[in-house]
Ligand SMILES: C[S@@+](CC[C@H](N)C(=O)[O-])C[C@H]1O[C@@H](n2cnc3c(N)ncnc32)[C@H](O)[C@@H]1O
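What follows is one chain in structure tokens, specifically the form predicted alone.
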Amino acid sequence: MAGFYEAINEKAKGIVYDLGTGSGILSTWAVPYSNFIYAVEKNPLVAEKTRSCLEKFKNIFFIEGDARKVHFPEKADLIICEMLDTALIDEEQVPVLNSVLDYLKKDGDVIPQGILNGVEPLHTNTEYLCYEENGKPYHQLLGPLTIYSHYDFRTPINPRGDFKIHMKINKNGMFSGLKITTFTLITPHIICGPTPMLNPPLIIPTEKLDVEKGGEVKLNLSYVMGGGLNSIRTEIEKIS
């Protein structure tokens, strides 16, 4: 949250959209620097509470609804959209931003500005997709982190991700899973790694494969950003 606070202090001005505003905290941080803020929240239970919290701010206009269907009366100098999830799979960051980028001024900006995704080969006994929490589920890394994608939220993004990744192996063992880690570029100078609350690493079980130190594995990884964890598909092949 400190990173978002710093970025908003630096970049908020003119007209601001806060999409998926939640509690409205990011909108309130933009108040002193902005002429007007459009805060949008789709969840009716959240919206009921947020509306009452934001009504005291004269330069915030609260909208209950899906940001993808809102007709904004003026273009934005800044779009804040914190609908983040590991690799952007299980939240609507990409489809929402794709739908509103035409409303962003040519010199406008987005917070966060983008993400980096990395993957590591590992051994794990888990048979289910899950997020890592306090070292669980148990896993042993078998190779280094490979960055496989980099997205800039200021430009449209194809929500379909299809990646062919070569992963180095630096330990003998049984390859049985992947660990995806997302790094959030709140600005080019403020980069947040995973935390229990922001994009915890995602553990994905795979078919099993004996691997040796110095070897290499080819990974075919695909998913739909905003399509949910059930959209994830993997294939692995030992190539050396």
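Computed from a predicted structure; not experimentally measured. Residue positions are given as counts along the sequence shown, with the first one as 1.
Absent from the display: the form predicted in complex with this ligand. The rest refers to it.
Thinking of this ligand in the model of the complex, which stretch from 120 to 128, 102 to 110, 161 to 169, 88 to 96 has heavy atoms inside 4.5 Å of it? Only one stretch qualifies here: 88 to 96.
Quick one: of 52, 43, 195, 35, which gets a non-hydrogen atom within 4.5 angstroms of this ligand in the model of the complex? Partner contact (heavy atom, 4.5 Å) among the options: 43.
Select from the listed residues 203, 26, 211, 185 the one whose heavy atoms reach within 4.5 Å of this ligand in the model of the complex. Selected option: 26.
With the cut-off set at 4.5 Å between non-hydrogen atoms, does residue 68 touch this ligand in the model of the complex? Result yes; residue 68 sits at the interface with this ligand in the model of the complex.
Contact with this ligand in the model of the complex for residue 83, defined as at least one heavy atom pair within 4.5 Å: yes or no? It does: once this ligand is placed as it appears in the model of the complex, residue 83 has a heavy atom within 4.5 Å of it.
Using 4.5 Å between non-hydrogen atoms, is residue 22 touching this ligand in the model of the complex? Because a heavy atom of residue 22 falls inside 4.5 Å of this ligand in the model of the complex, the answer is yes.
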